[in-house]
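Take a look at this single chain, the form predicted on its own, given in structure tokens.
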């Protein structure tokens, strides 16, 4: 997202928090070369609690929780989320809408347990302790592996709770079997949140080549990209039924995470065929290098979009 587009969203009354490029996130930009960083609220005051820094504008709350993992990523995740929930508990905007999680070595062995699985355990425990929904109704989210840095959790919250959206092609992440770790991932496939007036924003979580709970098309980045887009289409269809208005693929704003830079051309070709090479979706898409939460997965796609809508069902 360019600064110009971010400013257009702000002018329309949408919070400038839909950050897709974060200078400290540790996810290098693959394309486009001219991609620019978005900005936080102009003139807003940054506040602090524990490992969280955050900004409130009266309607929205955006923040970052940053925790070193010297004692393990499970401890870091628990600390980051515990501080995050403390901030939300004191705020007039307490409802989580979207989360972005970044930390290094996501697929690495963390002493007998994969670091992503350790992260899931710490995150879910913090949700439970804060009496937040760790299962049905959890917020949209993604978790990506970075090259460097601590655990960073970026979050967006609002005054009104979102409507969680699940994908009929997939087992809900919070219902994954024990084979994927002692604690299931805590997120919904998407979240539909009301904006001022008869409008809504749809946040689609990081979406990969998974059907049911099984990785599909191992080693084939083209097929994985196609499957990821099929999953996004299924989520968009459910969201349209719940919101009473369509969220066309070409109207969304996308971030595409690619594990191997050499796969960029293939991923981009498949993506642009799906959304239209000359649409704003293709022209504004940003491609980042990151590790995906499962070692066999080569690409993950997230998106968000706005629509004038009736109240969600």
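Positions refer to the first chain, counted from 1. These numbers come from a predicted model, not from an experiment.
Although not depicted, the form predicted together with 3-(2-carboxyethyl)benzoic acid is the subject of the following passage.
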**Report entry** Contact flag, residue 141 vs 3-(2-carboxyethyl)benzoic acid in the predicted bound form, heavy atom cut 4.5 Å
**Finding:** yes
Report task. Report yes if any heavy atom of residue 189 sits within 4.5 Å of a heavy atom of 3-(2-carboxyethyl)benzoic acid in the predicted bound form; otherwise report no. Result -> yes
Report task. Spell out, yes or no, whether the shortest heavy atom distance between residue 165 and 3-(2-carboxyethyl)benzoic acid in the predicted bound form is within 4.5 Å. Result -> no
Query raised in the report: Contact between residue 200 and 3-(2-carboxyethyl)benzoic acid in the predicted bound form at 4.5 Å, heavy atoms?
Result: no
Query raised in the report: Of the listed stretches (217 to 225, 152 to 160, 118 to 126, 238 to 246), which one has a non-hydrogen atom within 4.5 Å of 3-(2-carboxyethyl)benzoic acid in the predicted bound form?
Result: 118 to 126
Query raised in the report: Out of 84, 232, 134, 210, which one falls within 4.5 Å of 3-(2-carboxyethyl)benzoic acid in the predicted bound form, going by heavy atoms?
Result: 210
Query raised in the report: Is it true that 101, 206 and 300 each have at least one non-hydrogen atom within 4.5 Å of 3-(2-carboxyethyl)benzoic acid in the predicted bound form?
Result: yes
